[in-house]
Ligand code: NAD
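The chain that follows stands alone, in the form predicted on its own, written as structure tokens.
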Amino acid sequence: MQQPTSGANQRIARIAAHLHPPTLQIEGESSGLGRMDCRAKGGSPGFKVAVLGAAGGIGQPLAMLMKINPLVSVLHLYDVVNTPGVTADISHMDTNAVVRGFLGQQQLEDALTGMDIVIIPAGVPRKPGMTRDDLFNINAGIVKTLCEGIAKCCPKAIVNLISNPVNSTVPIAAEVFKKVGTYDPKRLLGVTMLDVVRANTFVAEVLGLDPREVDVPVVGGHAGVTILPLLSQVKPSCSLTPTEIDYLTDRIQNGGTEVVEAKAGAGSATLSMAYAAAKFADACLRGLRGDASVIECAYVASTVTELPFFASKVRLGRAGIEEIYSLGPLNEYERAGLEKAKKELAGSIQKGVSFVRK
């Protein structure tokens, strides 16, 4: 039988790259291809993105949406189970991003090395009757471990943290980074985009508008009363009745519970969360690219209030967060809501800080 040529070996290595995690590559392979050389033919420059928790309910649709983002050139998928299957599946999509899968703690460092953005949906989902606080002990440990890997392997990456309870997990991540001297508050963002997506959708329903034309600032945090939609600042400007404001505020704050109950034990908000996370990651990527006026809401280290972390509008750029905006004028209803949000947030933030410092 005729021996394959060197060119054929290289083509085979490129095609199969996504099925062979770097740590499983054989030393001295005849193809001569290092792990960073295994690029799809026709690949173009872009950013390197890792999804940690890529085989989960949020992770899978999020990974799919990142695969179709034209700004992504390399997509690393990490989880403790099922990553090879998810990776093989997504890698068949005919888009630019090269996909590589990483399985288990021993491959975490390989998954993170060289990444520009790390998105973390890892953790357990909320079940009926479970509060976001109930998730704390499990998800706090997961986030701590993953952030220790980020600090070691890609300390300059922009981190998009989705794992609940976000009000506590972002402070946990900050404390982990502080411990090892890599903390940059401009590069750590709690993803609250789902609250904005819901607010835009629900307000558009009430006003009879296209949701894509509606912009509702949502500030505070990412759980219950800490979610504060500023309905007085809706664009396009509108006049809502007190009844409509009560209805909309309540529905936006309890949107997650609405989905958990509707799924009747079969899961939480995974699809809408993946959409919101992909939308937010795209904003971060456009900021990294240098696009002007990329403004979104996120839960970040902040001096907007007396609390160390707070969600508000931020402008994204090449350094991550380039500007944090003030809350603007609030009406009496929103000022009362802000006080409730701050009281709840203070405890959640302290819980996260104490978890790492204990």
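Every value quoted in this text rests on a predicted model; they were computed, and no experiment measured them. Residues carry their position along the shown sequence, with the first being 1.
Same protein, other form: the form predicted in complex with the named molecule, not shown, and the subject of what follows.
For the options A140, L112, A122, V74, the residue carrying a heavy atom within 4.5 angstroms of the named molecule in the predicted complex is A122.
Taking a 4.5 Å heavy atom cutoff to the named molecule in the predicted complex, the contact residue among L288, V80, L209, V225 is V80. Of the candidate stretches 148-156, 229-237, 180-188, 162-170, only 162-170 has residues whose heavy atoms lie within 4.5 Å of the named molecule in the predicted complex. Among residues of the shown chain, G56 is one whose heavy atoms approach the named molecule to within 4.5 Å in the predicted complex. In the predicted complex, the named molecule lies farther than 4.5 Å from every heavy atom of A97. Put simply, M273 is close to the named molecule in the predicted complex: some heavy atom of it is within 4.5 Å. When contacts are judged by a 4.5 Å heavy atom cut-off, S268 counts as touching the named molecule in the predicted complex. The partner is not shown here, and in the predicted complex the stretch 97-115 never reaches within 4.5 angstroms of the named molecule through any heavy atom.
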